[in-house]
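Okay, so here's just one chain, in structure tokens, the form predicted on its own.
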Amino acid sequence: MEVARQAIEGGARLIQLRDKAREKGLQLPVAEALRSLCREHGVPFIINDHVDLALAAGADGVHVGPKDLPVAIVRRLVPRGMIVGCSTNNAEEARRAQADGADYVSVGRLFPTGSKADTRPATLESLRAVKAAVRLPVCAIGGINESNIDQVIAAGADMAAVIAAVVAAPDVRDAARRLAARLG
């Protein structure tokens, strides 16, 4: 909670709960607390992978990947206005996500990362191709930090998802501030 609070104070414009280890019942109280924190600060709160957890916690949205429920099914399950994001790896997947009702797409893993072991690699060219293929906002994911964020912005990213670049920083608030400033 404190890391999320500091990230928001530093300028994070969205918080996502991504917990690949714990059971959903154990994630629910954390999700509800994060939802409250985000609402207090006017920042959208998204839950990764789990539509049911997002609904139970009253999250603003859910982000799904290729191994989760398809966007078209998620869109039928969630209330109108709930944010639905989708991980993609190429222009074809991004166009499908857009047609199925996604509100944004992500592209990655662009750079090496310790948080995603079984992901398909993508390139800055993949990011450019996705940006050209859809009308949706495009989020760069995977190993984004201060040393490469300008590359993903130049390739067309509207947003960048970060974990270690903020969470592992000596000063979470300052790291979030510096990255958010780069995205304008």
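Worth saying up front: this structure is predicted, and the values here are computed from it rather than measured. For every residue, the number given is its place in the sequence shown, counted from 1.
Separately, the form predicted in complex with another copy of the chain exists; it is not shown, and the next lines address it.
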query: D60: heavy atom within 4.5 Å of another copy of the chain in the predicted complex?
result: no
query: Is there any non-hydrogen atom of R128 lying within 4.5 Å of another copy of the chain in the predicted complex?
result: no
message: Under a 4.5 Å heavy atom criterion, is K24 part of the interface with another copy of the chain in the predicted complex?
response: yes
message: in the predicted complex, does L69 come within 4.5 Å of another copy of the chain, counting heavy atoms only?
response: yes
- prompt: Since exactly one of A33, A132, L55, I153 fits, which has a heavy atom within 4.5 Å of another copy of the chain in the predicted complex?
  reply: L55
statement: Among L124, V43, I149, V51, just one has a heavy atom within 4.5 Å of another copy of the chain in the predicted complex, namely V51
